[in-house]
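A lone chain, given as structure tokens: the form predicted on its own.
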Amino acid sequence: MTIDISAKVGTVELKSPVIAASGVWPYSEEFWSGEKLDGVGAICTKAISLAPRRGNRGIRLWETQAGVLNSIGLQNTGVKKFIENYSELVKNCPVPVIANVVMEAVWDTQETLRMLDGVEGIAAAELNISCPNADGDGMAWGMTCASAAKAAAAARKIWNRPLWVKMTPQTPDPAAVARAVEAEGADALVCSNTWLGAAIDMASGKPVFDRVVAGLSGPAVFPLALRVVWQAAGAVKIPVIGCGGVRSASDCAGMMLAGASAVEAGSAFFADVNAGKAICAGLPEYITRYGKKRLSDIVGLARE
């Protein structure tokens, strides 16, 4: 029996439900075609901002017992250089490419989206509202319904293609933020981003990171991300994409049973560049376990 593991996020069709999360997929040609893409349904670009960003100083990655802390700081070349350097990769990529856009000041973000609108091959924009809002005392754009709605509305005003909004897990009410973003025209939600954590270097007795706090990803956050997916999927009608600690077919299927239409994997690709292929290989077992023939048929099944 043939099992269909394709997925769909609104109008964006994926040959598999596994999306490479922002920050993990290299801009090397060998990763944008051929066997490296086996099992990968789509690629999220690294962060794109209007102006270049140097990123954070000091140590940027620190392995924990059940994940990775990162303090990259949204380092990128800026949208102009992104277009100059990587437009051909995007245009020729055989899977959908999702442009991960840094939510900055409203005008800056809108200008970034205006420039990206001319890039052929971008299937959707993923608006990262985990970024600090300078007008909101430095709190992430996604912390409150009002600021999340403002961010989504600003992007929707400019961007006519599919708009995904990547939520922050630090918000105290994910369901309410999800509804606020949906009301402003978002086409999908990504639930969610890294959790804030910290580490002490036991050799020096000092914090590992210059900024002290960093973003935790990996297996440790999977149950937390699953909870956010459950809450968001129960609150909105638009598709939800599960993100956080997905590293196996079981994790992927669990996210989809909770209501996700697809998943993003990040740390899993650091450990194994073939993680997408491995996850997809195990999905038919879970689809048939629940008496289905298509992966899409198990979306939200745990809620019934």
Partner chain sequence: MGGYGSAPRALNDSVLTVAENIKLTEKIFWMSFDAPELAVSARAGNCVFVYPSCGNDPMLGRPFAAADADPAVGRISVCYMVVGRGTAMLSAVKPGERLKVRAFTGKPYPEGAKELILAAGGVGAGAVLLKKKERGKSAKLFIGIPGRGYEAFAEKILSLYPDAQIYTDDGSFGRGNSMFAALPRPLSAEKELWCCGPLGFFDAMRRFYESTPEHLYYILEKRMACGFGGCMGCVVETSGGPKRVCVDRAIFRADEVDLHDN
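Because the structure is predicted, anything quoted here is derived from the model rather than measured. Numbering follows the first chain given and starts at 1.
There is another form of the same protein, the form predicted together with the partner chain; it is not shown, and what comes next is about it.
The partner is absent here; in the predicted complex, the one residue of 287, 24, 280, 12 having a heavy atom within 4.5 Å of the partner chain is 24.
For residue 39, no non-hydrogen atom is located within 4.5 Å of the partner chain in the predicted complex, even though that partner is not displayed. In the predicted complex, none of the heavy atoms of residue 254 sits within 4.5 Å of a heavy atom of the partner chain. For residue 204, no non-hydrogen atom is located within 4.5 Å of the partner chain in the predicted complex, even though that partner is not displayed.
In the predicted complex, the partner chain sits within 4.5 Å of a heavy atom belonging to residue 66. The stretch among 117 to 125, 173 to 181, 97 to 105, 82 to 90 whose residues place heavy atoms within 4.5 Å of the partner chain in the predicted complex is 82 to 90.
Three-residue candidate spot 54, 60 and 270; every residue lies within 4.5 angstroms of the partner chain in the predicted complex by at least one non-hydrogen atom.
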